[in-house]
Each structure stands twice: as C-alpha cells, then as structure tokens.
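One protein chain, two forms: both are listed below as structure tokens, the first as structure 1 and the second as structure 2.
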Structure 1
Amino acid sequence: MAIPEILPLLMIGAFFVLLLGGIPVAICLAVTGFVFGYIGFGPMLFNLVPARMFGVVTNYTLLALPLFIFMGIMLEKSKIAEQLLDVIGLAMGGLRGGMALAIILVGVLMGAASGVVGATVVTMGLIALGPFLNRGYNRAIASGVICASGTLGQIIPPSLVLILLADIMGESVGTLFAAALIPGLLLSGLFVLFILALGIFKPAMVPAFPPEERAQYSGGDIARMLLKVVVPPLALIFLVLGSIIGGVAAPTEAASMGAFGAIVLAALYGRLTWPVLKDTVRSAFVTSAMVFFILVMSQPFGLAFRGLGGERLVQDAFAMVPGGITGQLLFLMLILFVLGFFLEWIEISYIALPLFLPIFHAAGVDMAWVAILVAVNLQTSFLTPPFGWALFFLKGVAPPDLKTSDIYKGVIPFIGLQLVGLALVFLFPGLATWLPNAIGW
C-alpha cells in the first residue's frame, strides 16, 4: 500500500534533482514520467503517450502561440520594438522605470488580445529584454516585470484558464470574463505601483534615460518620434484587440492579425529585407518549437502522475483539513500554489478542483468568485520557481548570460504582489462579482 502512495512523491523529487542538476526541462519531464510510470504501472499506459502528444500539437487554442511569437520576432528583427521602447523611455523623461511601465501596459493590451501564457511572455521577452538590459535595468527586475506582465494575459479576458475553469466549475464563460476584468486591472495597478516605488527607493534598478541623452532632443522632436515609431506598433496591438472587439476574428485567430500586421509594418518601414524575413522565419520556428517541445515532453509526466494516483495525495491531504468553508478555501489556495511548483496548470485544475467544487457548491459559495481566486492563483503558479512556465519561456528567448537565478530573483516581488492581489479578491469578493452582476452576464 505504501509503495504506490510514495511513487508520485519520488517522481516529483527526482524531477527536481534532475532539473536543478542542469538537465533540460523537457528531458527531465519525459524521463521521470517514463521511469516512474514504468515502476508504478508498467508499460501499458504509455500507449496513450502518442495520443496525448497529438492532442497538444493539434490543440486549436495553442495556435496563438506560433502566431504571436512570429509577431514578436518580426518586431524584434526589424528593430521596431527596440525603437519603440527607446522612444517611450525618452518620452517618459526623468520618470524612472518608464520602460517598465510601458511594458506593463503592453502586457495588459496583449493580455486583452490573447489568453495563451507562452505567447505573451515570449513576445514581450523578445520585444523588451534587450532594450531593458541595454538601458541598464537590473537583470532580475527586467525579467520579473516581463514574466509578470506576460502572465496578465491569463487573468485579463479572453483567457484559456478562464475558459477551462468555466467548463470545470459550471459557470458561463462570459460571467468569468466579466468577473476577471477588475482583478486583472487591479494586479496591473499593483505592478505599476511597485515599479513607481522602485523608481523612488531603488533608482539604480530602473534608471531613467540619462539627462544628457534627453537634452539632445526637444519636446517637439520627441513628439515627432513618438508619432513615427510608437503609434504603428501600438496600432498593431490595437489591430489584434480591435479585430476581436470589432467582430472580425475569434480570440485565437486574432493573433494572425498581429503577425500579418507586423510583416506589413516592417515592409512599410522598408525593413522587410530577405535576410530579415529569413532570420525571422527561422527564429520564430525555433522559439515556437521550444515551447511545444516542453509541452509535448511533459505528457509522459502528466500521464504518470495520473497513472500513479498522484491525485490521491491531494485527496488525502484534503481529508485532514479542519471544517469550515473559509478553511477549505484557504487550503485550496495553498494546494494550487504548491502544485504550481511542479505541475502544469491544466493538470492542476483537473487534479485539485473536482475535489473541492462539490463542497463549495453545496455551501452556496459564489462560484464566479472562487473561479477568479483560482485563476489568480494559477497565474501565480506560472511564476513560481523552479517550475513556472513563464520562467522557462523567458529563459528560452533570453541571451545566454541571463541566468536562471536572475529570473528567479526577479519574479519573487511579483509573486508577492500577486498574493496581495489574491488576498484583496479574497477579502473583497465584490472585486470579482460586481461587474458580471452589473452588466447582467
């Protein structure tokens, strides 16, 4: 009896040892999945691995991933992104952290256009990481703000997480989209406050542009440059968003408007040369493949965790929780947070939520509120080391000298802010429930 109970724990332990030892993430996932699965239930269930992998690579909603990555790389290779952030930094004048504030705004806008976490983090990493480092931003803070802003897409509708939660929790997708809007903006606001505070208390971490550089340009110059380089890429993001709001494209397809628009934009700037196109195509392919490689290779791990009855561990722990809805809700939050250290959010949702939902249902708790708490929590799980998807995705597009430890250090304050946001939604349920009621969704 004790042996099978302990296998999923051993599997997680082995995964961490290999991961920290420096074996690439994708290989750690596949190897521990296959080895511990084999010990636990033999080779039979592995016949399901191809089906799971096929499910990943043909998943329609993941289409946003290669499309947004293409957009990000086109903007990067054609130097449009670099100019954009430079000019924004200039325009912010003496305000410290100006570029970081700009990237939070981009995160909110991209988040409103997409719901696939890899897509937004990778795109923003491509656009912003280089300029941040060139301009002397602290490496950790630069990584942290990109990862955190990139995950905003998960809470700001539309979002894959919310769509899945609607399904599991029996709420309408529209209700959850409406309920998530204010908490999403609240989190963005917390990020903004944090950057402003850094600018005051740790100015060296988020430097403003040097005064001598600013002095080279008059206000009119800057206004003209803004018009020339900021407006078109922003228009691109609004094109994606607008194509959803204007009823031209469904959320997933809208990403293609961004990618296609980026090609057109590069052409208009006269930068769509053959080498740029070739380079863009090649790196977009490599970057998307890196994300899919991890997703595909995580399939044996997820299968083994299930096959070994990993969900029973969670059940057993749950059985020991003292009664009371608040206690159970807090415990759910804790479980989600802990599982977020080593499991992918879809697996987490499937393992933890079905256990708790009947109890909350029976107690008459507002499920839209619970769903938003869960969504904020899952969003945090994208950031929690060592297994935060956002962290890997950023690492995948970062220059080699950006260390994992920089990224880990950088996300810690943002995880703290996420927890503050979570606590606020917990204490003031109206943050989630007011909007859907007000608009009758």
Structure 2
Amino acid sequence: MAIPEILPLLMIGAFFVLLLGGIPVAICLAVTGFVFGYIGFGPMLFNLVPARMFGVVTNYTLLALPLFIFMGIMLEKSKIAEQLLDVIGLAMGGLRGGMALAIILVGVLMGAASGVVGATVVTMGLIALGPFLNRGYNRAIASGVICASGTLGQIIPPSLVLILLADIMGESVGTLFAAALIPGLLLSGLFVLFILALGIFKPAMVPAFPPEERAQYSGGDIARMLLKVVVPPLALIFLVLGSIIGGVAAPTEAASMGAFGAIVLAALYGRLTWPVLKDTVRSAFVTSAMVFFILVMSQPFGLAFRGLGGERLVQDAFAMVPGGITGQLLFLMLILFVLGFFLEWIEISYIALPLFLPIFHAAGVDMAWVAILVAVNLQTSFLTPPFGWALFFLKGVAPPDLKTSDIYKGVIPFIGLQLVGLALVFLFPGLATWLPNAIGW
C-alpha cells in the first residue's frame, strides 16, 4: 500500500488512541485533523479550514440547537416535567406496569419538548427511581424503562440528532422531523407493548399503584389535574412541531417560539424565578458550546480525511460488500451499531457517517429514509454498554444500592426493541417516507 493510502488509516487509528487516552473528543478531532492535514497538504490546509469553520458558525438552521436545548432545560428546571410524571403516573397507576407506562409517556412528551437525553434521564431518575423501587418494581426493569424512555428524544422531533443529520445529509429539518414522527411513535408503542406484556405474564415485576394511594383522588380530581398539567406542554409541542411540519415557520423560528413558550409555561406555573432562569441559561450555554465545539473541530478532521483519500478507501471497501445497495446499507447499520458501544452519537454522525453517504447519494437512495434508519440506530448508542450515556446519567442519580449490573440488565430488552424498530423501518420504508410525501416534501 502506498504511503498516501496509509495516512487516512493512521489518522483514524491516532484518533482512537487519543480518545481512549481520555482526551476530549473535540481536541482529538482537531489534533488528528491538523497534524495529518499538514502532513498531506502542508500549509495549504490552513487556507481551507477557516471557510469550513465559518460555514458551521453561520449556519442559520443550527441556531435551532441552543433554542431547543434551552426549551428542554427550562421545562426540567421549572419542575414541569416532575409534575407531568406525578399526574400521568397517578392516572395510569391502576394498571400493572402503570408507572412504567407513565415514564414512557413522559419520555415521549419530554423528547418532543426538548430532545435533550441527559436532562430527561436525570429528571426521571431523580423523580421516579425511588418510587419505582419502593413500590416493588424489579430493579432492572425500573432502570431500563427510565434509560430507554429518556432516549426517545433522539428520534421524536424536535431532536438534536435530526437537526444535525439534516445538516450532514443535505435534507431540510422539516422533512426529517416529518419522517421521524411515525418511527418515533412506533418505538414508543413497542416499549408500551413490552410493559403491558410484563404486566400480564410477570405481574410481580411491575406492580400497580396501591389502591389506598389512588383512593385519595377521585376520577374528577385526576381529570382536572391532567387538564392543568398535561395540556399546556402538549399545546406547546403541537405549536412547535406543527409550525415546522406545516411549513408555517422554519425550525429556527419554531425553536425560538418553543423557548419563549417554555418561559411562559414556567411563569404560568409560578416557577419562573431568577435562579431558575439563570441556571437554565447557564446549562443551555454549556451544552450548546460543547455541541458546537465538536462541530467546528470536526471540520479540519473531515477535510483532512477526504483530502488524504479516505473517502475513496471507504467506497472501495463498500464495493466489496455483497448484496448491492441493500447489503451496503445493512453493513452501514452494523458499523454504526458497533461504534455506538464506544462513541457518542455526535462523534459517529460527524466522523463516520459522512464517509459512507456519497455511496447512497450516488445510488439514488431516499436520504430521508437513510437518516431515520441512522437516527434509530444512533439511539441505541445511548443504551449500549460500556459507554452508553443514559447508563451513566442514571447511575449518577441512582441510590447507592442500585448496582451497575442492574442497569445493564435492564436496558438489554429495550436495546432489542430498538433493533426491532430499526428492522421495521428498514423493511417498510413507508413508515419514514409516507408523511413527508403526504405533505409534499
């Protein structure tokens, strides 16, 4: 193999060595990108990189990221998510597994309100894990349902993953939001069916609320609480998503409405205090800065890798995969799933994914469908040990007696359900393409 052909392989190897050494991913991207880019191009690289970085920081669509992050964190800091869980849990408590079903529904609502996995998992872990265990839920199932429900924000729009995938794949954000709606609800439905099945066949693992606890409230009381607590966040979600999917507002404008709406909701509930607002702004800034730093530093890495011929090596490797474009797409799904054991979704999206996309572009594959397959696949990366972030988030707020092995065992069935959802979207592309086509996108 010629020296230039070895450079992109050495570049990938150097990146993983630095990453495993504990160096932050953005620094790993920058160091490997600049060092190998300089080896391959000399000083010319530094003439190309600024334009690429400028393109990221001036991308109007990406402005939706900090606004949606702010929206989700405001709902979490103002305790609106906590109220949602209490009221929906009370309404569902008469069913076996009712509290777990409430967690899934709140995961859907919080995912649609923010798309921030960390905030959702931590919030539900703090609020629900103790009551789960006190009411006799199986430790593994309690952990698994919290982790899995918290990751629904990565597929249910408005999702940060979908916004970044739209930028990477050259699709509109509205198209991907519309394409993800049915698969996201399908995945939530699979989780619900699993809990209902446990309630039937293993009732001791998911007991119902004690009758005396529900007897404190009448049906009318619960209905009024649902109306007061659940309807306003639902209205905000429909306002944001409806304006994007309906073509009334661009994602950035809709995100600004969502951020303002979250402030209004916090004020209506009497929880918009200066400490809450200050804490929300600080958390939103930190999270947004982390995301954009990785995006900016991925530019020299991607530029150097392509310039060194890495893209051609990937295409040559894919050409050897049997089964044509179907086999290549299955191979991509396998690669992304394996990478999810070791890397975060944002690293996979901006490092691995762009290497494979030209193959599917050239074959004329529907990129909205590919994007949803990728998004569902990346969602599993939050649950797969040893580096699934949802596992870390939950362990950080769990009681000391909850073992890491309990969390690992609990997420296994939900990883399986996500793979079932991925297979369904793969076998029936209309699940992802019907809604965008129906509204003319």
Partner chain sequence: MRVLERLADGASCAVRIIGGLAAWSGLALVLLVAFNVLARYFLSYSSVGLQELEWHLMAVAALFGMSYGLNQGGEVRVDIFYARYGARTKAVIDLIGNGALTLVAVYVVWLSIAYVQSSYAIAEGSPDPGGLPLRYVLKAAIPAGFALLALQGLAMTLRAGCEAVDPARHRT
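For clarity, a rigid core is taken as the largest C-alpha set superposing within 1.5 Å between two forms. Structure 1's sequence is the ruler for residue numbers, which start at 1. These numbers come from a predicted model, not from an experiment.
- Note that the form predicted alone is the one shown as structure 2, not structure 1.
- In a rigid-core overlay of the protein, residue 61 has its C-alpha displaced by at least 2 Å between structures 1 and 2.
- Taking the rigid core as fixed, one finds a CA shift for residue 252 of 2 Å or more between structures 1 and 2.
- Superposition on the rigid core between structures 1 and 2 places the CA atom of residue 186 less than 2 Å from its counterpart.
- The two forms line up on their rigid core, and residue 47 then has its Cα shifted by 19.4 Å between structures 1 and 2.
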